[in-house]
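What follows is a single chain, given as structure tokens, in the form predicted on its own.
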């Protein structure tokens, strides 16, 4: 059976820092290798999404003024459809500034707190006096056990995958998880959600947020497969659907290099 997925890139002309469009390249290429028909659509200012069309939404980061620019457009034209899709099980990935923007409120560089998109119950606040530095550098985090087991369950044949996620963080905003939201992973190197947190990222249903960019998915093919597998299960209605295993030699070598270089 041939499967197909529709991926929607939110605000690619506003939220496009740090090379995070590389995440879309990875998703599209892995679909190609797995024999999945993949359509990538851009959804920008003024556009309205079609209910039930998208299987996986992606949103990257941007400058503060770019983040502000999209909020009114999102609530006026996109919120109802995207919120309904994600509540029904569509996948959503927000990275760095996109992660902050997904929440209820987020911090601007001038200290003003601005409404977020309201896709996930998190808040990003201005650094307090206890925060002495920007959260910047390599980030390594151990995937939480339940999520790791779900990753393993997505493969048709058993596959050895890392217990970690790796990336690069660069943020001053401090993100805090609200009720009903779980972290992605336990921080081993770096900061993660905030300067005093033990955890990185967030998950609610199939909605994921992470501070890891540079890009996230090329060095974490197991996380890319999780997103694709969940999107396919959503589209097909088959909660037992599994993916063939790709070799991922170069991808996992890049992942392991980061772990060996920065995690003693």
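Residue numbers count along the first chain shown, from 1. Note that the coordinates shown come from a computational prediction; the quantities given were computed from them, not determined experimentally.
A second form of this protein, the form predicted in complex with a small molecule, is not displayed here; the remarks below concern that form.
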Q. If you check in the model of the complex, is residue 222 within 4.5 Å of the small molecule, heavy atoms only?
A. no
**Q.** Non-hydrogen atom contact residue 67 with the small molecule in the model of the complex at 4.5 angstroms
**A.** yes
**Q.** Non-hydrogen atom contact residue 24 with the small molecule in the model of the complex at 4.5 angstroms
**A.** no
Q | Contact flag, residue 63 vs the small molecule in the model of the complex, heavy atom cut 4.5 Å | A | yes
Q.
Please pick out the stretch from 91 to 99, 145 to 153, 159 to 167, 183 to 191 that is in contact with the small molecule in the model of the complex, where contact means heavy atoms within 4.5 Å.
A. 91 to 99
Q) Only one of 134, 83, 75, 115 has a non-hydrogen atom within 4.5 angstroms of the small molecule in the model of the complex; which is it? A) 134
